[in-house]
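Heads up, what comes next is one protein chain in two forms, each shown on its own as structure tokens, labelled structure 1 and structure 2.
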Structure 1
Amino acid sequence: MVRYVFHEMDFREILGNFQIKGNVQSVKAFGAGHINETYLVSTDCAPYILQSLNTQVFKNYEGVIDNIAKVTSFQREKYLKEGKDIEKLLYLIKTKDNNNFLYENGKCYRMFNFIKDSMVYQQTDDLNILEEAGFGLGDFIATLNGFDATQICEVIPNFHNTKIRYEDFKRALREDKAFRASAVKEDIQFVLDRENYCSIIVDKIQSGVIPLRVTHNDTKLNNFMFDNKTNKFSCLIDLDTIMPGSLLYDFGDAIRIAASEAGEEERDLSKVKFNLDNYEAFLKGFLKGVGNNIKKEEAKLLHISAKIMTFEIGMRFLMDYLDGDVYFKVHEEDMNLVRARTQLKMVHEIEQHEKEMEKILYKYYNNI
């Protein structure tokens, strides 16, 4: 959705602080995210992306930008060393004071180069695109293998700590701030019945069986950019949640959308189905991209991670519904409930396909 929102005075001052080329022609709202505001800025020389960070969610916005600066430079240097094309990589546009962001009127603004001739998919059943997406994520993990995770700050503590998310959910249930719990008892029970999912990845990280890496942490399909002619993977965008994490977070979170036949906001739950072919294509690409940068202990849990990450976000949407929609942007009153239901239906779907998913994993990963 592209909406014309050029308020000359609002944006001219902000954009005037950044090192961009040319005169600004227009600023348009862009993107469909639940957290930040994204704008496409066109000048007579080049397009750019301007974003205002949600500082309620990202309280440590300086840490967020610092993480992105470190990771994108590391990625760039590694690509150069390996002779890979850097044209389609993301980088921050500096301000005239040589900073990576601008803090103005309580808002944090940052700019990126515009990735040319590229696009995102909200959903697709094109297996070549899904394999490319999987490859792109695997390659991202492989590129950052060896990047010292202690250099990166944890911008949202315990973001994918499913055990802590579960405790937060129980808090929301106890408080029932928006008086909605009694009408959604079945959804709540579905979550409560699956408490055992919460510790599967987290405990293995805590005991050191699964390594902490630098991961993306928000790998839904619309954060993958593809070349709009060749459909080759260009890069991952939406880098705000880059933090120390597990590759299982990224793989599982990607599968919940890549292997779903319906969008997050689908009201007809009969359309929410798990597609094994999509899963297979993404997995195949992922294993190719990550190469030997994955440990056996991680690989063993790839199929399980889809269930856990889908469960986690379903629980987060339901929690926000109980809290009265204080975290995710909503455009309809029951939107968080609708989102929770698609995700929890996906969990049920994944549970039905677990054995087949494991079999497919063995087909492509031989070292288990």
Structure 2
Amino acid sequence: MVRYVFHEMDFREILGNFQIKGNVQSVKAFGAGHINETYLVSTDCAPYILQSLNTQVFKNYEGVIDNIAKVTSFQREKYLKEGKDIEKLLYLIKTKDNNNFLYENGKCYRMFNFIKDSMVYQQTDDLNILEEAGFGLGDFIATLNGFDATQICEVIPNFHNTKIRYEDFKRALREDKAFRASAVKEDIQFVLDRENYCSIIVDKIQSGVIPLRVTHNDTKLNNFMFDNKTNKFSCLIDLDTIMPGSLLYDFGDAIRIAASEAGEEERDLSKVKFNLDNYEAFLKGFLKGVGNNIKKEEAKLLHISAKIMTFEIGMRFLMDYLDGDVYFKVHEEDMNLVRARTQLKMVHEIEQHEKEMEKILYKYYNNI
């Protein structure tokens, strides 16, 4: 049964403001996102994606959409110059006033083209798919090489500034608002013992050793689209957290998910293991996709970035647990602690495999 999401009048008013082709046939709720309201709009000419952006989460909604518009326009021009298929790129559909969004009755609406014949994976152990995902991330970075990342804004300031995240953690520890610190002393000490991890990427960006680039900042597998016939990479979706940063953020966060043999909410920590084969497949694809668009100083830190990004998210989960679960949604009282422990166990796992990870990096990247 089709679930129509607007009353007929709202339906006409909202969609009538956008430059879409054909007559609207249906509007259905689409996807499984928890932040924005997403709908599939079908016309007799083409399908589209309509979203109502969550302005409580993204208070700077104009900055979010402006970032997307700038980055996707640059990608499109690059693809056209290189003769690549632009139908596999995400882009914004303009309003009839030539704007990138519509603000109506306190809501922000935007539209995208629909990527046809594509699908996503929630998780996979298929090394070919992981290699293709790695290629996709590398291609994303390569395509945006030359884009001035200072043109886009930080929609979430200091999102991956690990030094600031560490200071926030120490503040949470001092305040101990939920009176939980005494019960998690070992977890706290694990974080405190690794303070040196926090400056490795941040300092190199600030000194200019590592270039500032466009980063996606949410490179979990289900944000990679694949052709549903060939399993070849199509494009990255969910572009709301595009910001200036380091490619190491995106690579490290992707490995955090792709190379883990357990989910973030696994209570049995014996199941939390680092999969070297998954890491190698993703790394191989990534280096193929990024080509010569990566700097030597960036490449040298690829294997380390997985440790840093996993440490950062584990620290954030533990901080939120100490604060009384005010940031991440929980469905059980200790869920943020469970999440923190899976990530910190993964940090330990990566530490144990670091030399092997470096050898694999040398195997595919010969300029170090």
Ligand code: GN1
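Every residue number counts along structure 1's sequence, beginning with 1. Note that the structure is a prediction, hence the values are computed from the model and not measured. Take the two forms, superpose them, and find the largest set of C-alpha atoms that agree within 1.5 Å; that set is the rigid core.
One of the two isolated chains is the form predicted together with the named molecule, namely structure 1. When the larger rigid part is held fixed by C-alpha fitting, the smaller one turns through 17 degrees between structure 1 and structure 2. Core-based superposition between structure 1 and structure 2 puts the Cα shift at C45 at 9.1 Å. Core-superposed comparison between structure 1 and structure 2: I93 shows a Cα shift of 5.2 Å.
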